[in-house]
Structure formats: C-alpha cells, structure tokens
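Quick setup: one chain, the form predicted alone, written in structure tokens, and binding and motion questions come after.
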Amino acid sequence: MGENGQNKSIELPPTLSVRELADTIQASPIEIIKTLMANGVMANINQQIDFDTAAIVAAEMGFDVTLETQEAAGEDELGEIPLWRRVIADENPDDLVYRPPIVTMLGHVDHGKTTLLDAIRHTNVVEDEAGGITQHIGAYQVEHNNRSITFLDTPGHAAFTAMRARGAQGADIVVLVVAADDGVMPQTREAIAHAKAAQVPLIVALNKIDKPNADPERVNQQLAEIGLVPDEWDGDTIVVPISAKRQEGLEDLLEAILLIADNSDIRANPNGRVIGTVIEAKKDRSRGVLATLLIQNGTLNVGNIIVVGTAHGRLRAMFDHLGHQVEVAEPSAPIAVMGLNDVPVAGDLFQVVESDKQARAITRERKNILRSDAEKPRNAVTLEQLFDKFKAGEVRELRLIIKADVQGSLEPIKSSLADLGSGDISINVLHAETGNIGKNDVMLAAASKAIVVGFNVEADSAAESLADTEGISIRIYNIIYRLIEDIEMALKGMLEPETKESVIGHAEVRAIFKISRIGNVAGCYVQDGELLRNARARVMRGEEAQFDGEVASLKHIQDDVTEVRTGFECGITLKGFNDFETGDIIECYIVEEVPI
C-alpha cells in the first residue's frame, strides 16, 4: 500500500513476462508465480502473460493498474518495452528532471574515435586524481556551459549493440566519427545501421579536416546518399567539422550534443527507483569485484544493496570518474563500485533492492533459470513465428539485415522488398551491405529481433556460432526471386517451413517372416546408426528405391521398441509395403523443419 493506505498506481503493457512483472512491482518471481497459480494460471518465469492477468496479480499486491500507452512507455517498433523505460514511465512526470546526456562514439576503424574521446577528456576534465583510484573506468563526464555530458569510453558499435541486446540504454546520443580524407566506409554504414536500429539521435563529427587531402564536400555527398543529409544542405543531420589531433571544433561538437539533448526527452527522477547499466566489470586483486555503473534513474548511495544479473552485494565504496571516493551518485553519473560478490556482465541492468534476503532470492532464481535455459535448445526466430507475432499484435514490421556478393545484387533486392512492405506489416531493412555475413551482423540482429538474409554469400564460423547461441535465423539464397518470394509468402502467412532430411541409420534385411493379419516382417541387422519407430524409411535394392514411407512397427526379439541401435537385430514392418527381399537395405531417416 502507498502513502495514507492508498494503492500505488502503475501502468503495464498489453503483454509482459512473469519476470518483467516481478521487476516492475519489485516482487519475487516466485511470489508472482504462486499468485498466478492461486488464480488458476500455470506459468514459468519467462512466460508471457496478458494485461488482464498481470493486472489481477498486481492488484492483489496493492497496485492500481492501468494499460500503458505506447507514448508513455517509449515503446520500440517491436512492441517490446525495456525495463529501464518502464521504470521511468512509472515515475510521476512532475518528478522528472533533466539528466546529462550519455554519448557513445561509433565509426570506421582509424577514423579517430579514441583520439577524439581523449581530446575531449583532456580539454574539459580537470585532472585531479590525488588520493583516488586512477585507472580507466569506461566512462567519464565533462562540463560545458555549466552542464554535464557523460561519454562512454568504450567506443565501437559491437559494444553499443551488445548492451542494447541485453535491454540496456547504450547511449542517448551517438556521435558518428567520419574522417574527412577517407569518407564513408563499410564500418561507417554498419555503425549507422546500429544507431538507427536503436532509434538514437546521431551527430556526425567530421574529423581530420586539417589534413591536406580532406574533402568535406565529398563526405557530405556520401552522407546524403545514405540518408544522413547534412544541416548545411537543409537536412536533419548535424555535421561538425573537427580536428581531434589539433583539438579544433571540440566546443562546437559539445554544443551540438547539448542542442540534441535539449530536443530529446532525456529525464530521470533522482528520488525514484534506482536502475542503471553495467559499463565494465573486473576482479581486482586488492579490492575484489570492481564494476562501473551508469545510473539511469534514482540516486545510488554507499550501503545500497544491488542486484545485477546473478551477482549481488552491498556497496562498500563508490568512486567517480576522477577516482574520488563519493557517497552519492545521481542519474547519468558513471560510478565505480565495490561490494559485489561476482563479476557482472557488461550491459546487464542493475537495480537496488531492500534487503540481502531479497537479493539472494532474486539471484538464486536467476541462476536456476540460467541452468534450465542452458538445457533447452535455442530455436531461431523464423519468418513464420514473426508473422504469428504480427497477428497477435506483438510485431508491426519485419526487420531484415541483408548481405550480398556485389552492389548490383543489393539494389534489386532492396527495391523489390520495398514494394512488398506496403501492407499491414512493413519491411524494415536495418542494414544492407556487400560481403559475407559476420559476427556484427548477427549481433545487430540479436539486438533488433531481426533476420539475416544473404545472397550469394557465406556466414563465417563466428557468425554461425553466435547465431546459434542467440537464436538468430540466417537464410542464404542464390536466386533473388526465391528470396523475395519467401519473404512475400511469410508476410501473407503462407510460408511453408522448409524441411531437411537426415539419414540416421541403415539395416540389412536377412530374413522375411509372414505373419497373418500383419503381412511381411523384415528380420534385419542394424549396420550403422539407429532405426526409430517414429521415423521414415526407404527400401533400397541396389541403387533403386523400392519404397519410401512410414515405419509401422519395430520389434527387438518379441518386444515393441522405439529404437534399435548398431549391432542389434530387429523386426520391422512398413506401412503399405510387403515386398521385402533378402539383401535389401532399409535406410531410416527423419525430416526436420529448417528455420526460415
């Protein structure tokens, strides 16, 4: 119950998981599951429940519940609302105040991201680390016009997207660093795709303008061609000429960042629920676990108990980005903390809880879930499943990442897909580029709930491994019309799953027995693999298949069995086939669906 005995008011989305409901109302997942069971609903912690069910549970725990609007929640295009957004949406709008923008830098390798970060730090941060810890903590704050800006000192779109894939903010603003002498490169386009997928405003820092071969007009043209029309050309993209090496244009860049921040809803409640993101974490020999946290809502204090992933602990000490020991940290502040019992994963969300007992219960439950999830196969999100989500109102667009062998293949694919996306469900091509499918493509797909489509390319082993881990579907074609046809049929809900045949065993027919009311039974010896009762079988006589159909029965000695392995004898009957001959080979196989 809230103040004066009144219920607390919260908003909930149309659907959410049991875990998300527990996080939102700060209750134990086990308590939620028990309440659901008491109301006749059996659900595990990852199961999605609808608004009405969630409202009943929340009401029993002292909350007045209303259906959340998309605008209030900052809902993304897939209808999924990250926890940190829901926390801020639950705050009273009158309590929200401006918080410093969090900025990350993306761009092509060697275009000067790290040099620019160092230049801003040395120009705007007063170096005074006496008595503090001096090592790099992954983020720092600068002052400009009496306002703070937080920079993530972990450049690279891989880190940015990995955080977003874990439900974290990543950044409020992206600075895209482009070298004036080199122009837009493949990694530049990749970085733009990651920023656009995250729906984060973007500023271009046109670096190296001091070089003799710098050509700003050419770069502006390249930017315009990929949808970033410079403000000089009456476009919406701020392009700031700079020289990180000579520390020129840095003030203009900081001014542009604050301008974008003023036009964005970057706010938090310093007195509200504490939640934020892990930037870096490591184990220090003398201090134990040292984690850098970025606070997105609320105020963190020494002595608070936090939970992050499967780690928890009471904060023993906190240090700001200059290494000074502090007692309090407010929204957008990067802070190094001591006191966690384990090293958390960068990108994980942390939150403050009331007691050690609650922290241990939450982490214990999460460890159980991780163990349970590890035992389950990860199934890729298929086109059919996305269409089912669309029909359920969960998805309004199909997100694709396209890789092709040459530019001449990309253009017809993109234009054909644009023509398809005119119905109820749209097509959003997040990234289209030439070259093989790599790890970064899969990472972008994981963060954006997208499907990777390739044309005349291959997926490298690292990409395939990550796709398997993250449950990402990679689909490769060598005929353009097949690619377009499959996606068109998926949008219409008519795509039949592709199947793959896997041979699992061979057996030689050594004797034939006639049994009344059953027919002929083949007495076989299993040469390799295994025979399965619920599989299919081909009868091979030399090179020719005499029959292809279902296994009717499988016996070992007199017992009905479900499988017979290599080296054992068995009796087998096939549905609709009696013409066995000694020496026939029975090839047993299974048919599996291939994720589209």
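The first residue of the sequence shown is number 1, and the count goes up from there. Note that the coordinates shown come from a computational prediction; the quantities given were computed from them, not determined experimentally. In this text, rigid core is short for the largest set of C-alphas that superpose within 1.5 Å between two forms.
FYI, the form predicted in complex with a small molecule isn't displayed, but the following is about it.
- Note on the interface: of 242-250, 90-98, 432-440, 263-271, the segment with non-hydrogen atoms within 4.5 angstroms of the small molecule in the model of the complex is 242-250.
- Residue 208 belongs to the set of residues with a heavy atom inside 4.5 Å of the small molecule in the model of the complex.
- Residue contact check for residue 468: none of its heavy atoms lie within 4.5 Å of the small molecule in the model of the complex.
- Taking the partner from elsewhere, residue 520 is found to have every heavy atom lying beyond 4.5 Å of the small molecule in the model of the complex.
- In the model of the complex, at least one heavy atom of residue 110 sits within 4.5 Å of a heavy atom of the small molecule.
- Contact with the small molecule in the model of the complex, defined as a heavy atom within 4.5 Å, holds for exactly one of 325, 456, 114, 341, namely 114.
- The two forms, fitted on the rigid core, differ between this form and the one not shown by 2 Å or more at the CA of residue 432.
- By 3 Å or more, the C-alpha separation between residue 432 and residue 236 grows in the model of the complex relative to the form shown here.
- In the model of the complex, the CA atoms of residue 179 and residue 414 sit closer together than in the displayed form, by at least 3 angstroms.
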